[in-house]
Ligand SMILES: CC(C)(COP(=O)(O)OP(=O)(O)OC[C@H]1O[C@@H](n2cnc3c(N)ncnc32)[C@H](O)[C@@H]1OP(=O)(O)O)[C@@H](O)C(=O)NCCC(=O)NCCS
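Given next, in structure tokens, is a single chain: the form predicted alone.
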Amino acid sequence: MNAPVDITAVRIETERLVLRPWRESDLADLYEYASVDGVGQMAGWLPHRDVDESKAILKMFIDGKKTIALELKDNGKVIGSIGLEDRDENLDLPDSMMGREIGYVLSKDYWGRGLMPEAVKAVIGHCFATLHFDYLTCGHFLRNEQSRKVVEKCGFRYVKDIVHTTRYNTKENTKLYILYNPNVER
């Protein structure tokens, strides 16, 4: 079952990042990375066409209360996000188990620096220790090697291959993974 989530008051610090709710003042940073070709396609969305599209997405992030901004500590720039999305794939888990699907995106300028595993591990810790989730799922398109590496570094276990339908109605071959909360008996 999808666990309730509200990141409104979340603030998590890692070595290089501050993970926090989105703010209206983050619009320029969101548009800067979301408009770059090759970024959104790895997660099933197209580059933002204009700042108005980014503004609508930013409003969705703020109102939805389930998407965390990744801010660089050294300069305050937002370079990506992590969402705690509804899990829609059937994993044959008991209805009593509560969790979410974690999804992430990072500015192309910051790929390959270990920032996303750092952020994902921090969010996993928050979801398990503070929110008491039983599990988190995560998936990546077969062609997304960067995401596969993040999934592996964060300890997720492969479950199965699926075909994911993106919001643009394209079909993507996807690997699906799960990570159980080690502090919860199953």
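Note that residue numbering begins at 1 and tracks the sequence as displayed. Bear in mind that the values here come from a model prediction, so they are computed numbers and not experimental data.
Although it is not shown, the form predicted together with this ligand is what the next lines describe.
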Practice prompt. Answer with yes or no whether Gly155 is in contact with this ligand in the predicted complex, where contact means some heavy atom within 4.5 Å.
Written response: no
Worksheet item: Taking the shortest heavy atom distance, is His140 within 4.5 Å of this ligand in the predicted complex?
Response: yes
Worksheet item: Can you check whether Ser54 is within 4.5 Å of this ligand in the predicted complex, heavy atom basis?
Response: no
Worksheet item: Is there a heavy atom of Leu84 no more than 4.5 Å from a heavy atom of this ligand in the predicted complex?
Response: no
Worksheet item: Heavy atoms within 4.5 Å of this ligand in the predicted complex: which stretch among 121-129, 141-149, 61-69, 46-54?
Response: 141-149
Worksheet item: Who in 26-53 is close to this ligand in the predicted complex, meaning a heavy atom within 4.5 Å?
Response: Val39, Met42, Ala43
